[in-house]
Structure formats: structure tokens, C-alpha cells
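Take a look at this one chain, the form predicted on its own, written out in C-alpha cells.
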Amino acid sequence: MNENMRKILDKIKAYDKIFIFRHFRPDGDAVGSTKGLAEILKLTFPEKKICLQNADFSDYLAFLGKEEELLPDEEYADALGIVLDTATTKRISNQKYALCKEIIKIDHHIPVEDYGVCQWVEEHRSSTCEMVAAFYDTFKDELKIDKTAATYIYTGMVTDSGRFRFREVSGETMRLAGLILEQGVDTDTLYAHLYMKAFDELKFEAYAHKKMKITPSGVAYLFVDKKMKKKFALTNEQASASVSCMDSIKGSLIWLAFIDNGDGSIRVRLRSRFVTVSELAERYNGGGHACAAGATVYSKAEMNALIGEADALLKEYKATHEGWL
């Protein structure tokens, strides 16, 4: 047991008010871990005030239910804040987190910034939801869980692990997934919500396959501009998902999706097999995992520079490694 797990539970027991935060532009792990932990704590400590306090939401994950409205500033002063799945404070969705009396950090990203009175960071984990599952498993004699909490947690485990395909998935991941499934998760309905697509989304994917490009060294990339988003009525989330259209190209170990946010910034999703791309993302206002990261650029020139660096990175990797596909 990580010693910080006990410290976190002791802090939770010491506070009557607990606010839970995550990163902006939330994915399945951010939503699942926050909602899952909140539900466990509500079941275990019904006398406490436990609220999710986030400033933006995910349309893609709206099927998991609504969240609480943001509370007035004065409500935070005597609260414990728990921030999940967020490596740096600037990425926390609701910056009111800083008004909390104390902060706890629970995360599985590469450590970038230390914050909070207690930090539980395990970058080898496949998801923060896996950590929440481990937290429950460690203290299951003290904590309560139900089907709803388990569904939230399993959602994040499935999505952040690429359906249990990524390198961080371990035997422990699968053991904890089994423990969570035993709570009665309806996987048929869950997978339908996560993976069924509207007809227009499929037409966009076909169009994306026509528009994607590849560098001399094998970096696949796609730029989803405002015109493309309008043509297919895409949300930013749907446009960002286009990165998965490029994940099965032989010889392409790095793939990039650039999404015009419409505000002068371009969101970048970086994915890879074998090659570490997190350091590249960090040079462009981002970060993340070794093979899955995000970044932001602010011009076509900057976008092209990132593509060029990715091409050089892949060229060097291929020249010095064997066994890649």
C-alpha cells in the first residue's frame, strides 16, 4: 500500500466538506475518477458534503449524468479539495480549487508540478480510475461502493487504457477491473454509449482518411480546421477523436491530430507506439503519458514545426531500434 493512501483517507475523515476537481476538457478517466470517488465517499460518509466542482464538461460522457453547480467562493474556505488526473495546477478545470483549506493530488501522469499537502502519484498505472479502484480495494472494509460508482470507475479504466491495450495495463489492472465489474456494471449499455457513432461521424472518418498525410519517416497527421468541423457539425471532442483514425498504419509509430479551436489556438493530440512523445508535447505547451499526450500550438508555422520535430524523432527511433511495426 502506498503510504499516501492512508493519509488521504485520514484527511477525508477529518473534513465535513470535500470538493473534487479534475482537468479541463475532461476525458473518460477524468470524469470517471472524479464521479467514482465522489460516489464512494457519498455512500461511505452520507453526513459529509461532497461535491464535484468543475467548470467544463464532456458532451461525449453526458450519459454518466449531471454534476453540481459551482458554489460561491466562501464555500471553499473550510473544504478539503481533491484534484484527480491533473498533473499541473494550470490545467485544473475550476481554479477556485485554490480557495480550499487543503489540497490533495491523485494522478497517474508523469510528475510535472508538486502541489497539495498530500500527493499520490503512480505514473505506471493505466488510469487514475485504476488508482481509485485500488483505493477502494485497499480500504474496502471501511469504504462502500455500488453499481453506479463502479460504472464511473470502469468507464475511465476502459477508455484510458485503450480497452486494456496500452503498455501500462498490468495484471493488477485486470484484477482491479474484475473487482469493479463484480459490482454489476452493465457493459453492454456502457460500450454502446462509448463506441457507437452517428452516421455523420462515420462519414467524417471516411473524409479524414482522405485528408490525413504522412511524413517521410512515417508520422501520420491530420488537421481538422473550422471548415471541416462545420461541414460535419463536429464538437471539439468529436474532432479530437479523429486521432484514432490513424492508429493502425504500418510503419507509422507516431500520429497527430490538430484541431482548430476557433480562438486562435490549435489543440494537438499526440499518440504513438513504442516511441515516447510526452517530451515533445511538453515543448509545445502540453504533456501527458509516454505514448499519449496533448499539446497546444498557436499558428500553422508552429504546427509544422511540431510535425517536423515528430518526424525527426521517429527517424531517429527507427534508426536505433528493431522490432517495430
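Since the model is a prediction, treat every value here as computed from it, not as a measurement. Numbering starts at 1 and follows the sequence shown.
What comes next is about the form predicted together with ligand AMP, which is not displayed.
In the model of the complex, ligand AMP sits within 4.5 Å of a heavy atom belonging to H109. Using a 4.5 angstroms threshold between heavy atoms, T276 stays clear of ligand AMP in the model of the complex. The closest non-hydrogen atom of G28 lies beyond 4.5 Å of ligand AMP in the model of the complex. Taking the partner from elsewhere, R91 is found to have a heavy atom lying within 4.5 Å of ligand AMP in the model of the complex. Only one of the listed residues (L70, L43, A292, C51) places a non-hydrogen atom within 4.5 angstroms of ligand AMP in the model of the complex, and that residue is A292. Residues of 245-265 include none with a non-hydrogen atom no more than 4.5 angstroms from ligand AMP in the model of the complex.
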